[in-house]
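What follows is a single chain, given as structure tokens, in the form predicted alone.
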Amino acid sequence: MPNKYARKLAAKLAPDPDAFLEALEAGRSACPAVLWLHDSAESPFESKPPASWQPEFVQAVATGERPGRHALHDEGAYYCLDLSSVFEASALCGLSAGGMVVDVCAAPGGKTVFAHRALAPERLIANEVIGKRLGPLTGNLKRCKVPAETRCADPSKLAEELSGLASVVLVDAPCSGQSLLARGQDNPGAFHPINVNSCANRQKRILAESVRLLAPGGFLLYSTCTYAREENEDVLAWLLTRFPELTAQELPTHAAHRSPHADFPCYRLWPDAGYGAGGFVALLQHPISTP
């Protein structure tokens, strides 16, 4: 059964607390999807109906399909991810990346692959500060033939090197990972306030450094795979106060999922919605400099 902290979160935030808690307990909310790397690829998998925010190059596959075990996976024809990750990354669709895209917290590589496919940037940097996660990141990018530069640097060092150069910055922030429970994985302490607050503080530091990467007019995508307000709306409220020049962007494709817990546009997906284990996303823009 979900613990008292999960029940407290449900009562305060979830549109349907009972359905949310049932999804956590069942642990079956994962929704497999494949991100195709080429338009000409023909899928051997049965599809689910697409969501409004789902790009054409992503296929939500039917229950029972195992795309990670298919030969096309090993050939790098696609990248496997949960549909809720697509919900987050699809905030990039429609942007013009121009020069450089930096994925600050890149492992295992899903958002980097998505950025490559959606934006085709001239330069793509995939950074991962945790050394032991660099191997899976590098392996996935190589398998999918994504021409990204991989780094293992603290966000502060990255910001020193690339200050003001990125047209798009991705921060898929390390978080309490509460959605892992909806996927059927163990994650003790995911809802405990000490863990949640620790994650929120780490996210603030990463975001503050990531803002330094932005070129004039650049975009910052912030996402998590957790439900706590302290790690989502509250972190962004802090960031917008710290950097008032940033503006949160409306995402018309995500309008049905706009969070009611903030006075700026940001978007939540709950695990009982039928689109995966859930997550949170917001897109911010840095002002364009004027002469």
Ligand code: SAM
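The first residue of the sequence shown is number 1, and the count goes up from there. On a predicted model such as this, the values are computed, not experimentally measured, just so you know.
This next part talks about the form predicted together with S-adenosylmethionine (SAM), which is not shown.
**Q** Thinking of R133, P155 and R202 as one candidate spot, does S-adenosylmethionine (SAM) come within 4.5 Å of a heavy atom in every one of them in the predicted complex?
**A** Looking in the predicted complex, the three residues R133, P155 and R202 all sit within 4.5 Å of S-adenosylmethionine (SAM) (heavy atoms).
**Q** Just to confirm the contact call: exactly one of 167-175, 193-201, 142-150, 180-188 touches S-adenosylmethionine (SAM) in the predicted complex at a 4.5 Å heavy atom cutoff, so which is it?
**A** Of the stretches listed, the one contacting the partner is 167-175.
**Q** Considering S-adenosylmethionine (SAM) in the predicted complex, which of L214, A115, V86, A107 comes within 4.5 Å of it through any heavy atom?
**A** After the contact test, the surviving option is A107.
**Q** So which of V129, L72, L95, M100 gets a non-hydrogen atom within 4.5 Å of S-adenosylmethionine (SAM) in the predicted complex?
**A** The residue in contact is V129.
**Q** For I206, is any heavy atom within 4.5 Å of S-adenosylmethionine (SAM) in the predicted complex, or not?
**A** The answer is yes: I206 has a heavy atom within 4.5 Å of S-adenosylmethionine (SAM).
**Q** Heavy atoms within 4.5 Å of S-adenosylmethionine (SAM) in the predicted complex is the criterion; list the residues of 56-80 that meet it.
**A** Contacting residue: only Y79.
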